[in-house]
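So this first bit is one chain, no partners, the form predicted on its own, shown in structure tokens.
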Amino acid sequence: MASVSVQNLSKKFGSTVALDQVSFEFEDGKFFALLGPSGSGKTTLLRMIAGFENPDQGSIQIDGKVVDHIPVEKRDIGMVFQSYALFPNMDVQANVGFGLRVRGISASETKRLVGEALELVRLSGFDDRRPHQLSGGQRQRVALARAIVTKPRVLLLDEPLSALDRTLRLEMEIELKRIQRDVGITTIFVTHDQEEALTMSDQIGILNEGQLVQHGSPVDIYENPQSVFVARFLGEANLLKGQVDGSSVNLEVGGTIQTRSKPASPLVICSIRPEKISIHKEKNIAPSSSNQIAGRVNEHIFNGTSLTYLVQCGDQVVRVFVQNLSGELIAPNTPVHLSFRPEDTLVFPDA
């Protein structure tokens, strides 16, 4: 296990700023996700840690040692690429053992270590198969086994699940987390998939336009986003504009509400997660302390375990997630009242 520290990293490609003064601490043995839209700088940051790119400014440390000018092969890092990068002319055993042979490990020791790695990723007995004889999930496991068989101090994953179908991806999310815990290796994972980041990571760093805009545990970032961008990017959020009136907010869609914190700007955007909202056919069913706004059901979406309601409130559609407890649906065009707690209502300045 190793700690990784990046301090004030900056990188330009021509006139494009890929990273702008990014600092982050990756603790020993934790699973970190770097999350952000395309072009946010997350892959550039990963490649810098690996040694494939050099920073224009700042430094990278592994276990307190500056590695800025240490070549890739000497950083003791394992990496799994999006394409897996398996050798098509080698079988599974040869692919996984490649790094060991390069390091001059004996044939008998290589066989033993490869066997342990394949057992860890649940591919024992697949030694003689070639990559074209494997499923996408199996190829992903081979790439992971190859990355961890040398027992690196840090494991880097560059969107390794993006080529898998949804069912297999969900399975591999759980498997990757299990393997990471079993090995105890510091893992840094790049993804643009919010669900992957929430499911797998101990800590998340969200990047946007080359800057680290927020970092923390998945629960903390989801429940306490520090900006409209984070609230909208991680999960779903209803964003309602309003004007401050004393300690209350008058919403443009109608209704006066209370928020978690005191608004610091006269014009604000209120953020409410769809699952934090209750939907009622009758008014005043919610406690008097709850915020309430009126609307009309546009559409309902049946998801099996849950329901999604699209509710027209003024000129804006509000999404509501409801657990499917009875199978009863509220029909389109039905007048409804939405309620949500002040403590679930975040407020940001309207820029």
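Residues carry their position along the shown sequence, with the first being 1. Keep in mind the model is a prediction, meaning the values are calculated, not measured.
Quick note: we don't show the form predicted in complex with another copy of the chain, though the next part is all about it.
The candidate spot formed by R166, E223 and S326 is fully in contact with another copy of the chain in the model of the complex: every one of the three has a heavy atom within 4.5 Å.
Within 4.5 Å of any heavy atom of another copy of the chain in the model of the complex lies no heavy atom of I185.
The shortest heavy atom separation between F31 and another copy of the chain in the model of the complex exceeds 4.5 Å. Proximity of D68 to another copy of the chain in the model of the complex: non-hydrogen atoms within 4.5 Å are absent; the residue sits far from the partner. Of the heavy atoms in D56, none are within 4.5 Å of another copy of the chain in the model of the complex. Checking E195, E209, D202, E109 against another copy of the chain in the model of the complex, a heavy atom within 4.5 Å turns up for just one residue: E195.
Scanning R139, K276, H215, R153 against another copy of the chain in the model of the complex with a 4.5 Å heavy atom cut-off leaves one residue, K276. Stretch 171 to 179 is the answer when you ask which of 261 to 269, 238 to 246, 171 to 179, 121 to 129 has residues with heavy atoms within 4.5 Å of another copy of the chain in the model of the complex. For the partner-free chain shown, R341, D344 of 330 to 351 come within 4.5 angstroms of another copy of the chain in the model of the complex, judged by any non-hydrogen atom.
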